[in-house]
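A single chain comes next, written as structure tokens; it is the form predicted on its own.
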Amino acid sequence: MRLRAISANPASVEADVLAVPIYRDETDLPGELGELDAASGGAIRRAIDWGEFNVLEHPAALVDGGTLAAGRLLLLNGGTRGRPAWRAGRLAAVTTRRLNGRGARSVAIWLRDGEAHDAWVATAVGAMAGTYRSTSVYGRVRDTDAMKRSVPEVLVIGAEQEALDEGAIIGEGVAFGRDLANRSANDLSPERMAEVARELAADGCTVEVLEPADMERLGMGMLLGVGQGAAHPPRLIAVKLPGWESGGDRRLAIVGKGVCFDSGGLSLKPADGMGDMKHDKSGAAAVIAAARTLARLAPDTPLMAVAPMVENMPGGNAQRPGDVVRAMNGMTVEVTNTDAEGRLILGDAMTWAERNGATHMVDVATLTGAAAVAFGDQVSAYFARPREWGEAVGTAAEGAGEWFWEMPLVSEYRSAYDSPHADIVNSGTRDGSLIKAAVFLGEFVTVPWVHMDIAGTAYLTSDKPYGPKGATGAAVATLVRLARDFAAG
């Protein structure tokens, strides 16, 4: 895709399609929107009056452009104003996705709100995201050339070309992360993910892979325990950017949950929806994709991506409810629920990252179903200690065009993890489980730390106007922005 910034009157832009958002308070077509309608010979008003577009019901409508230079108008539901980068990315994704499989060779996007640099970057990321197809990972015979067709040129009215170029690199990284998360469990095992990570050496990264013998020597009993029932043994992957060694007293580790398939282990999940558990590696996919993107965009960033990779399976040697394991930090953990496995592998991975020089930490995980229940598929939760570090993460997410919301890290809930046999159990009571999961993780990190729960946002369970069913690439853009902000001090 070619992304090009232009400065032009929207009415005179020569493109196959002109995309224009209409906000909920604009049904009377005020100001510049009214001028565009007049220039079109009333095409926008006719579409609204005929019910082809209703800002309360329709995400978008492709209508005749009337007397405009553009042949067609794509009217977008802008919703309510606010969160400019998030909204810019979403509108751009809806635009290019709506044109998939059609004959448009070019589309001009007029966002109309005087966007700043962050919004233009997000526009580029969103435009690329809208062309993503989950079928691209494996392909389908029944996909015709027309079905695969995407708009090849996106013109962004009023944008900065530098911002669009930056967004294109990030957009490519998001797509890479989506591909990793969408790959099936029989295709992407822990060993294969390690092979993927090793390919990042071509981008100047240093890649280290720990195998089970290494983990046993280091005392990673939590990580090893989760993977012991699977045919594919676990791995711990560490990808260091060139800037890691020169980071001095400021080094950022991003740690992603990498469960290539989560059956729940002996605490077996219900069959319904279990096929989506290939996406339980979305956190690992996000941190590896972010590292790859930063290696191309800002290689001097003092960053390390860490991905503990396992399969959680109910094999003959599987971990049992009631087993007690010893974590790398020395704590003993009673496993009361083998389906609370993500926090176990993250705990050992974060201890390892800290001992290997991380001064600041962010973990990313599809950790709890409670996150999806509480926030749905639009918003991700995060927890911070201290809150100042959380504010930095929240600012990065806002600038990157992702929607994160801070939740309280309630230390008083620690008692829910008391064990009569060990230092801690791995699964507390159900009430407040979103928060309690973060409290558990806090036992295994001492540096400034943020936990991101992307269980609701990492993948879509059905097609949406802005994306297909499958992985979304959640958190990749935020991690890239955070790392760059962190490097800037």
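Just so it is clear, the structure is predicted and the values come from calculations on it, not from any experiment. Residues carry their position along the shown sequence, with the first being 1.
What follows is about the form predicted in complex with a small molecule, which we do not show.
- the small molecule: the contacting residue among 368, 293, 351, 380 in the model of the complex [heavy atom, 4.5 Å]: Selected residue: 368.
- Which one, 343, 97, 240, 87, lies within 4.5 Å of the small molecule in the model of the complex by heavy atoms? Among 343, 97, 240, 87, a heavy atom within 4.5 Å of the small molecule in the model of the complex occurs only for 343.
- Task: Indicate whether residue 262 is a 4.5 Å heavy atom neighbour of the small molecule in the model of the complex.
- Result: Judged by the heavy-atom cut-off of 4.5 Å, residue 262 is in contact with the small molecule in the model of the complex.
- Query: With a 4.5 Å heavy atom cut-off, would you call residue 40 a contact of the small molecule in the model of the complex?
  - Reply: Close contact is absent here: in the model of the complex, residue 40 is far from the small molecule, nothing within 4.5 Å, heavy atoms only.
- Message: Please determine whether residue 339 contacts the small molecule in the model of the complex, using a 4.5 Å cut-off between heavy atoms.
- Response: Contact check for residue 339: yes, within 4.5 Å of the small molecule in the model of the complex.
- Message: in the model of the complex, does residue 438 come within 4.5 Å of the small molecule, counting heavy atoms only?
- Response: Although the small molecule is absent here, residue 438 would stay clear of it in the model of the complex, with no heavy atoms inside 4.5 Å.
- Message: For the interface check, one of 149-157, 277-285, 121-129, 232-240 should have non-hydrogen atoms within 4.5 Å of the small molecule in the model of the complex; which one?
- Response: In the other structure, the partner sits against 277-285.
- in the model of the complex, does each residue in the set 251, 452 and 478 place a non-hydrogen atom within 4.5 angstroms of the small molecule? Checking in the model of the complex: none of 251, 452 and 478 is within 4.5 Å of the small molecule.
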